[in-house]
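Single chain ahead, by itself, as structure tokens, in the form predicted on its own.
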Amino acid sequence: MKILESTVERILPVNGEVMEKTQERLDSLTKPVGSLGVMEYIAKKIAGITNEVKPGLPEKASILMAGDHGVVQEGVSAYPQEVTPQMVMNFINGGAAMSVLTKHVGSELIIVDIGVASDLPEMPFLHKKKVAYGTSNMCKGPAMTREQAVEAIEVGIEVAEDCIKKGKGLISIGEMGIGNTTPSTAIISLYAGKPVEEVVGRGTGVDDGRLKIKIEAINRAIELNQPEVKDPIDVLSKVGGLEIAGMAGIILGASANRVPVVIDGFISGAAAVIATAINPEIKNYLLASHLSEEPGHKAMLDYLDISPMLYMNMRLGEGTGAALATTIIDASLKILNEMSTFAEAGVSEAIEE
């Protein structure tokens, strides 16, 4: 708990003065003011986070948290739980979409076993930080103890800080865990104040019958556990997931070190909701990569008051959208650093009225 408390205390507001200076430079570049839209917003936001008027291109890390969920016992997923460790091995062996995309964008892929329900072999790139062998079935009681929730958050903090010590200046997050859209739906239903039916999605592609089971399971878990929204650790422990907690920790750890975090889709969005509930300043350190096909993801982004860069009809998870969005972030920073001003290029500025 000490690690969590000290990390939260270190999270400071982004630097508004630096952002103003960055905006001045953006407005002086050889283009109509504001004409690069979201790219200008990204550059300005990263400037405020990093305390640098012209931040350079950062080294990138993509951190994938893996954990299982006891609620799969209720039949909420189209895939069996053994897919989680199988996919972890696929990530390590380079065969997953996330493996391809991180290689494509030049981001180091870091895989963390924070709660897979089986033992994994010693493998390169795999960090064994298991808090438990998956969560308990939240339809029969809390998903985990409060102590486990805090421990999982602190694992995320430590992984983030280790990356930053190694020179990483941009962190994107992703996950693997069969059944994890179920706790994520519970989290956004609670924080957005929306009925489960309004924010639930089909996850890996469940049919109508299984979707009904999923809705009933989430409602039952919320009714049974009575999570306290004003206490995000309580929500996380009762209806959350270990990988969700781990990603929340990554967000907190990165923010405490003034490093921007790119969130992916629905599951990492749930982690961002929890992290922001712990410290509202967090939302200013987040960059939303894309809008997932999961209905609840828009509610998450609305709650966080951030806008996605991409609309790609993606719903894979893993951190794929976040990895892809880092190319846009690189481009935004290159515009800020490499584009000429009107004065430098000898181009006439707009006529003042």
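For every residue, the number given is its place in the sequence shown, counted from 1. Predicted model only: the values in this text are computed from it and were never measured.
One more form of this protein exists, namely the form predicted together with another copy of the chain; it is left out here, but the text below deals with it.
- Contact with another copy of the chain, judged by heavy atoms within 4.5 Å in the predicted complex, is confined among 223-231, 240-248, 202-210, 262-270 to 202-210.
- The contact residue chosen from K128, R146, K103, K194 relative to another copy of the chain in the predicted complex is K103, the criterion being a non-hydrogen atom within 4.5 angstroms.
- Under a 4.5 angstroms non-hydrogen atom cutoff, another copy of the chain in the predicted complex lacks Q73 among its neighbouring residues.
- Using a 4.5 angstroms threshold between heavy atoms, Y133 stays clear of another copy of the chain in the predicted complex.
- Interface membership of P80, defined by any non-hydrogen atom within 4.5 Å of another copy of the chain in the predicted complex, is confirmed.
- A residue is said to contact a partner when one of its heavy atoms sits within 4.5 Å of a partner heavy atom; I306 fails this definition for another copy of the chain in the predicted complex, lying far away.
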